[in-house]
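We begin with a single chain expressed as structure tokens, specifically the form predicted alone.
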Amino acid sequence: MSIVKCDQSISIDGFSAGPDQSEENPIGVGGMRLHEWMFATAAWARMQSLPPVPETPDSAVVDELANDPDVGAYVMGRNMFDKGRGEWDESWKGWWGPDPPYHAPVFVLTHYPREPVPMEGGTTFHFVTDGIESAVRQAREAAGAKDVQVAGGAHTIAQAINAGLLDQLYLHIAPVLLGSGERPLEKAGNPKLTPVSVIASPTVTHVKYRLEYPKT
């Protein structure tokens, strides 16, 4: 059965992005520190054609996420797609260049309409102006029997949890204190989170949770 899922690197004080997002700091000031564990893995070295490094449990996690055959569509917020606010700069097509890493339909939450943006490699960005429920519904339709991945950012993840739409949350908890920024679990409601797997290393702790929601 297909699910809606999310994986995020976060600091131990709960931030998935630092403050002051800009073109120079796409995930906020200090935000790249949350991903240093990934950049040190053998899996990342293979993907970037870097000199080999030893295999670790963290490398197996990166392989799992990068080569997940079950994801058929993505949902993300405007702030994850774009450095701007307000009306669209139509020349902006995301942070990732002509061949974004998604290779599937991506549904971007926004208050401003825009025509779909097809990219190389099978990625097409669709812009959704009527809320998280609509974005997830459209992503499910596009994904068919596959899963939907909520890519971020923090407010979009919180909206998905608040709406009872997220089935699985995979957190990669880095030993970093950011102090400020964006917290995906702030104002995310009160679901029941059950750990289903834990992988620990000296650089990060990976905890996969199943989410259940109170009956209304």
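Quick note: we count residues from 1 along the sequence shown, nothing fancier. Since this is a predicted model, take the numbers as computed values, not measurements.
Separately, the form predicted together with a further copy of the same chain exists; it is not shown, and the next lines address it.
Quiz item: Pick from Ala188, Val62, Ala151, Ala45: which residue has any heavy atom within 4.5 angstroms of a further copy of the same chain in the model of the complex?
Solution: Going through each option in turn, the one that passes is Ala188.
Quiz item: Tell me, which of Val29, Leu165, Val176, Met38 has a heavy atom within 4.5 angstroms of a further copy of the same chain in the model of the complex?
Solution: Comparing distances to a further copy of the same chain in the model of the complex, the residue within 4.5 Å is Val176.
Quiz item: Closest heavy atom of Arg33 to a further copy of the same chain in the model of the complex, within 4.5 Å or not?
Solution: Looking in the model of the complex, residue contacts with a further copy of the same chain include Arg33, since a heavy atom lies within 4.5 Å.
Quiz item: Ser201: heavy atom within 4.5 Å of a further copy of the same chain in the model of the complex?
Solution: Yes, Ser201 sits close enough to a further copy of the same chain in the model of the complex that at least one of its heavy atoms falls within 4.5 Å.
Quiz item: How about Asn25: is it within 4.5 Å of a further copy of the same chain in the model of the complex, going by heavy atoms?
Solution: Outside the cut-off, so no.
Exercise. Determine whether any heavy atom of Arg183 comes within 4.5 Å of a heavy atom of a further copy of the same chain in the model of the complex, and answer yes or no.
Key: Heavy-atom contact with a further copy of the same chain at 4.5 Å: present for Arg183.
Quiz item: Based on heavy atom distances of at most 4.5 Å to a further copy of the same chain in the model of the complex, which listed stretch, 65 to 73, 143 to 151, 52 to 60, 167 to 175, is the contact stretch?
Solution: Every other range fails; the passing one is 167 to 175.
Self-check item: Within 4.5 Å of a further copy of the same chain in the model of the complex: residues from 1 to 18 (heavy atom criterion)
Solution: The stretch touches the partner through Ile12, Asp13.
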